[in-house]
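Here we start with a single chain on its own, the form predicted alone, put down as structure tokens.
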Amino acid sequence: MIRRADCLVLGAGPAGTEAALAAAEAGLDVVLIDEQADAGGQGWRAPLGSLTLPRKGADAEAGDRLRSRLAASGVDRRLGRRVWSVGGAFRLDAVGPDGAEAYEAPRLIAATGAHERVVPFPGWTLPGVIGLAGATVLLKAQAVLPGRRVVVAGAGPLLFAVAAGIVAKGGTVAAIVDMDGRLAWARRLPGLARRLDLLKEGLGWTWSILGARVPFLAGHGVRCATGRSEVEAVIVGPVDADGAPIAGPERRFACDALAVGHGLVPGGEVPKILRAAHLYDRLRGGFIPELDPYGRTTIENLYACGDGTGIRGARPSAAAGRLAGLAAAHDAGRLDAAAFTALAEPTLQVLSEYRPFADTVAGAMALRPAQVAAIDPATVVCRCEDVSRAEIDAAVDAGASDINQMKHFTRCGMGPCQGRMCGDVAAELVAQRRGVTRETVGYWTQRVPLRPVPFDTMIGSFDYADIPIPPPAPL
């Protein structure tokens, strides 16, 4: 059975949910699909299942409001579905609670969010090493600490959010290791101050960290994680403004977990698989689809919004999602030009007001080429296929001129994550080895399945009597 609608929205984070709400309010029959059990995405994540957690903070309140509005709307919510295939004009195939499902609509809004980037270092594959975003899920959705004694390291504001979350839940933060120096954050204050509400939230994290007397190492990065069968200690040392290790004293912190992250990468698989035009934007996290101000891609009736189109954060993503939903309704003839303009203009203004803050935060999380250049040759880059930096360099030296040729030579990016964890760093390594731009080496050619799915859920249940047997050929 295929569920047909006026518009499909893939992704129920702030962007996708707002897009679905706006399109439905304009009169479209909208189906909203997401792998998670509830809407909210990474930033506004709901507690897991029936788990009851204390709800406080701006993100928790924003997520609760969004889910209440969605529940009261006419949007057809298909949550807990893993979409594995996207086809043109437009069809989504998914695996749901009862097996295979299919959806079709003449319009598709992709709001697939972002995934985190970890620039590899020796020991990053040890059990107990977790991404900052993964730690956020544990803290927000499950009230679980990533460890009893945690080193929090990397770059960007998630460092402080995760550290404050660990402190709030009674955990111990062994140290915060920030690649940025204090001067770098001081220079960002004018941009951060453009959104005093969000700056106040960040200062609240800092205050709780100071109250817990957490050691803070500015201008430092992880040298390596050590341990026999799991992480037991983290060794850190100074780095320069570009993220490259420099001479200076190293420090060792005993721990049972390391939460580490170096920014976010747009999860733009859907526009890529449908062959929409893309451009490279280091500030926004990598390759992003070319969009008009309302989220229209270069493919007719395909829209994209949220962090999958460039890293901006939950609130700007929500505004961009509303614009995409309005554009879909306008293009479907449900909003005339005057109504579309009247509804879109205030949201465009909100998006403009968020831009300086979003640019500042994105700058703190942008990939640092010098940090990538410093990866040790023996360090694993693609953890799914166990491909080291040395193997990537050797592939380029052997003639791999872009990231897809390197993939063919090494199997880098062919594992279960389909290159989400390694793709950005691997492409940077290829570009640096060749001495060319990131645009020249390109991005993975996207293919189905978009996500791993169990084979038995796709084929359903049958026995031999269900297999059609053609009549025998005439003699």
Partner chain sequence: MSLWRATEGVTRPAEVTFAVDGTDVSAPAGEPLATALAAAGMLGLRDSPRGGTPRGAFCHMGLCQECVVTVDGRIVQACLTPVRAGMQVRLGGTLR
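If you're wondering where the values come from, they're calculated on a predicted model, not measured in any experiment. Numbering follows the first chain given and starts at 1.
A second form of this protein, the form predicted together with the partner chain, is not displayed here; the remarks below concern that form.
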{"property": "4.5 Å heavy atom contact, residue 391 to the partner chain in the model of the complex", "result": "yes"}
{"property": "Non-hydrogen atom contact residue 251 with the partner chain in the model of the complex at 4.5 angstroms", "result": "no"}
{"property": "Partner proximity in the model of the complex: residue 124 to the partner chain, non-hydrogen atom cutoff 4.5 Å", "result": "yes"}
{"property": "Touches the partner chain in the model of the complex: residue 346 (any heavy atom, 4.5 Å)", "result": "no"}
{"property": "Non-hydrogen atom within 4.5 Å of the partner chain in the model of the complex for each of 179, 188 and 310", "result": "no"}
{"property": "Contact stretch among 346-354, 143-151, 332-340, 369-377 - heavy atom within 4.5 Å of the partner chain in the model of the complex", "result": "143-151"}
{"property": "Interface residue in the model of the complex among 358, 133, 319, 291, criterion: non-hydrogen atom within 4.5 angstroms of the partner chain", "result": "133"}
{"property": "Residue (of 314, 387, 396, 364) lying close to the partner chain in the model of the complex, criterion heavy atoms within 4.5 Å", "result": "387"}
{"property": "Interface residues of 103-121 toward the partner chain, as seen in the model of the complex [heavy atoms, 4.5 Å]", "result": "115, 118"}
